[in-house]
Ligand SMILES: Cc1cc2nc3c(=O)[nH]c(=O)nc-3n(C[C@H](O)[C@H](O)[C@H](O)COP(=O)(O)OP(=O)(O)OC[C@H]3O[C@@H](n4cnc5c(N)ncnc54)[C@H](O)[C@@H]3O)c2cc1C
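Take a look at this single chain, the form predicted alone, given in structure tokens.
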């Protein structure tokens, strides 16, 4: 069976789902293909929560996050779905990095507040602080599973076809039309949007075989690294309102409240490289390190986790994304570790590229200049 489309989206997790919904809203005939089931747990978009924040050392990211927060709000109003929970966020660690964050937030019109350790301990009773704290009131969480499901629903209502449990076998692309061969039939489309997350290093040569310049640009792209990250869930022992939190030192730890009343915490880029097609065992040493850090710094929870899960990070060494176009292929990859909060805005940029609009001063281009990261290795 052959399906005709204007655009075929390969990968229908967070970014693929958001891009499919945006493209369908613009009147495109869209077919989205996902190798796993809807809302699967094999990638990086599953679960009930992700942090939303503008706390970045890089002003570009702070501005992008502010624009994305406004976009999440519009989606909530349009769908009558509550996706955001704004509980505030706190950052500790390298003071120079915190100063850069405060400056970036100010440039994006977002407030921050400096707290001395004594005041921070009074305001946030579940923590133990010995250093200054930077508080951001406009921070919180986005419900990940509900957000992805909302994008799926919006895409369908706008006329898109979504095909799950349907692995892509090959791609043939002559630069004018592409044929995506799957286990359930072929899709022929004018353009491809490639948002395959941890599987983004697959199929690339077939998609770009007709573009020698594209293959040259692809060869210059840093290698995508996939790591298995372990996150744990802790039960609070005091009744407080929990903010999101990030410890900006090495290693870097983060945490956030969950809809079920637990506190989720983990290390940032502390997992080992993995093949995404193989279910690897979580790192017991890294898991114990998270528990030990929680015991020392977050006495408001029982330091023995009640459960845990895994998340695949798929990113480039500079932690920047790839959102760019070569011929009739648009890429949206490398979001691992901090991309979920930006989904509505990144989807808009992907749809602009499909429409033929060039992104001015695109920070996520193939040939971008490497951007600096903070001392903790996180933007």
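No experiment lies behind these values; they were computed from the predicted model shown. Positions refer to the first chain, counted from 1.
The form predicted together with the ligand is left out here; the points below concern that form.
- Taken together, the three residues 197, 203 and 311 all lie with some non-hydrogen atom within 4.5 angstroms of the ligand in the model of the complex.
- The closest heavy atom approach of residue 121 to the ligand in the model of the complex falls outside 4.5 Å.
- In the model of the complex, no heavy atom of residue 61 sits within 4.5 Å of the ligand.
- Taking non-hydrogen atoms only, residue 167 approaches the ligand to within 4.5 angstroms in the model of the complex.
- The closest heavy atom approach of residue 33 to the ligand in the model of the complex falls within 4.5 Å.
- A heavy atom within 4.5 Å of the ligand in the model of the complex is found for exactly one of 341, 349, 325, 28: 341.
- 231 is the sole member of 162, 263, 231, 147 with a non-hydrogen atom within 4.5 Å of the ligand in the model of the complex.
- Judged by heavy atoms within 4.5 Å of the ligand in the model of the complex, the contact stretch among the candidates 76-84, 189-197, 283-291, 102-110 is 189-197.
- Scanning 1-35 for heavy atoms within 4.5 Å of the ligand in the model of the complex gives 10, 11, 12, 13, 14, 15, 16, 33, 34, 35 in sequence order.
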